[in-house]
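The chain that follows stands alone, in the form predicted on its own, written as structure tokens.
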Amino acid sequence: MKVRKFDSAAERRNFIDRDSSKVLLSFFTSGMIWLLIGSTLAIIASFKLHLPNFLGDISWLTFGRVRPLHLNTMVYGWASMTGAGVALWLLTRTLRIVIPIQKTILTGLVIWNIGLTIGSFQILGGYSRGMEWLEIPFSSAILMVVGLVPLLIASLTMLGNRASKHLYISVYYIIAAFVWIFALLLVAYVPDFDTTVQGGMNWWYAHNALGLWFTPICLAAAYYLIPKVTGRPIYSYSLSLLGFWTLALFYNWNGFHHLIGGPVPTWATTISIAASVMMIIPVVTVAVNHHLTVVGVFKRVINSPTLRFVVFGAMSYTFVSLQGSLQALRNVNEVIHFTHYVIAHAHIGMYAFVTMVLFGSMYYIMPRITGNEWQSKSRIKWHFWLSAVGIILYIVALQIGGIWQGFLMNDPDIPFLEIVEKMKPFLESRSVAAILLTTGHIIFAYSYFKIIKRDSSEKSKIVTQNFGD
């Protein structure tokens, strides 16, 4: 690879950002479109839980099809595509190198989008595989796997040709994420498991997709952006390495705690419970590291749009992980299993943590790759508060309702339909939360498309402190 010389670090960064902009904007725009589609599906699915006749005459909009499609569009559309874009940008900054094989990466993105689009229509048509996080049929999923190959090749190429000798902790997380998701998808889709083993594989994959794909990317973003915006180095590099290696060691065992009481060996669920409790180590390590980095500069969290979202997400990571360790215990699982509590827990991970960190990352990255500033502070504030209040309402309503639901279902004298009726107010709160979140997404999408469509004559010079960043 030809080495280009630069007069300053700023010149290098600007060149790399300009060179990477086409690839990154392609990933971000794809993610944004899927976010809007997924948000619409979320509202439809939520309303159906307390208004079962809503769109009830349309077979392809039944709850059993809309809800899985919402999950897949948000996971493989919004979060995966945006997360991949954020990861690539972080690699350009930490390794000080341009993105290689850009045309191949863009071809992979097109193939990925084709696979997800075909898979979406297959789910709506009733051809789901019936396994959470793995609903898309093999014929479409294989296209998504193919689309990931260029990302894996590019990340390893960037690592091998890096201009920076030192490997920052974010690099560990990102390279591992690209390797792990590729391996996870191959194991989940290629072998043909029998019914019992299939259940174990399903939750092994579903849990690891969050913990070994989205979590590393978002922790990498937090580890880069928190020190960058505060102007302070990460508190402890040794702690960051401890957090990474313990995540790699313990997380991959966690999925079987979803099968407590199921037709799987007791030793398998026991090991999973133990590993879930051991996750306290990487979680507390990351939390302490982030907290001690921002001690004394909390005003930056308030003033910076990037930190506002990223710190909210980092705090949610601590909360959802410690909560996960707790609910893996058998006596707790007896109450919350099969309840709305678990749905809320999943949304803390995928929304309060992953999505909020991705929002914050985009607020930092977009001005640097477009040469344009965000046009409105007020829209950013509305986006943050609608997202924060919406997800908090969602979590509180469903987790309080879910715990009550669990105790009611464990009482054999209470009819199931009576429990369903008691849950309606909590499900209505969920719909209100969905409307708040979707409104925030629309505001964010409007700001996003405004920043990428501004005429070059209107471009502003990149301000080092982007609204406080």
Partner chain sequence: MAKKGRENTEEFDDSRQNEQDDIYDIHQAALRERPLPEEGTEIGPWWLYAIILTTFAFGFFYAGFYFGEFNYQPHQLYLTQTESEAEIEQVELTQMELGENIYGRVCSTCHQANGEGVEGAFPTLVDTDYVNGNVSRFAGIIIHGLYGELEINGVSYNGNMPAWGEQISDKEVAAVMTYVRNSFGNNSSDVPIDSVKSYRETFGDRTAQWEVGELNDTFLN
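Please read all numbers here as calculations on a predicted model, not as lab measurements. Numbering follows the first chain given and starts at 1.
Beyond what is shown, the protein has a form predicted together with the partner chain; the following relates to that form.
Contact with the partner chain in the predicted bound form, judged by any heavy atom within 4.5 Å, is made by just one of Ile101, Val284, Val389, Ile142: Val284. Put simply, of Gln399, Ser120, Thr230, Asn113 only one has a heavy atom within 4.5 Å of the partner chain in the predicted bound form, and it is Thr230. Taking the partner from elsewhere, no residue among Ile97, His207 and Ile403 has a non-hydrogen atom within 4.5 angstroms of the partner chain in the predicted bound form. Interface residue remark: Lys381 is not counted as part of the site for the partner chain in the predicted bound form, having no heavy atom within 4.5 Å. Though the partner is left out of this view, Thr318 does not reach within 4.5 Å of the partner chain in the predicted bound form, counting heavy atoms only. Although the partner is absent from this view, Leu88 stays clear of the partner chain in the predicted bound form, with no non-hydrogen atom inside 4.5 angstroms. The partner chain in the predicted bound form is not approached by Phe138, whose heavy atoms all lie more than 4.5 angstroms from it.
None of 352-360, 381-389, 213-221, 329-337 except one has non-hydrogen atoms within 4.5 angstroms of the partner chain in the predicted bound form; the exception is 329-337.
Taking the partner chain as positioned in the predicted bound form, the residues of 287-314 that bring a heavy atom within 4.5 Å of it are, in sequence order, Val288, Leu292, Arg300.
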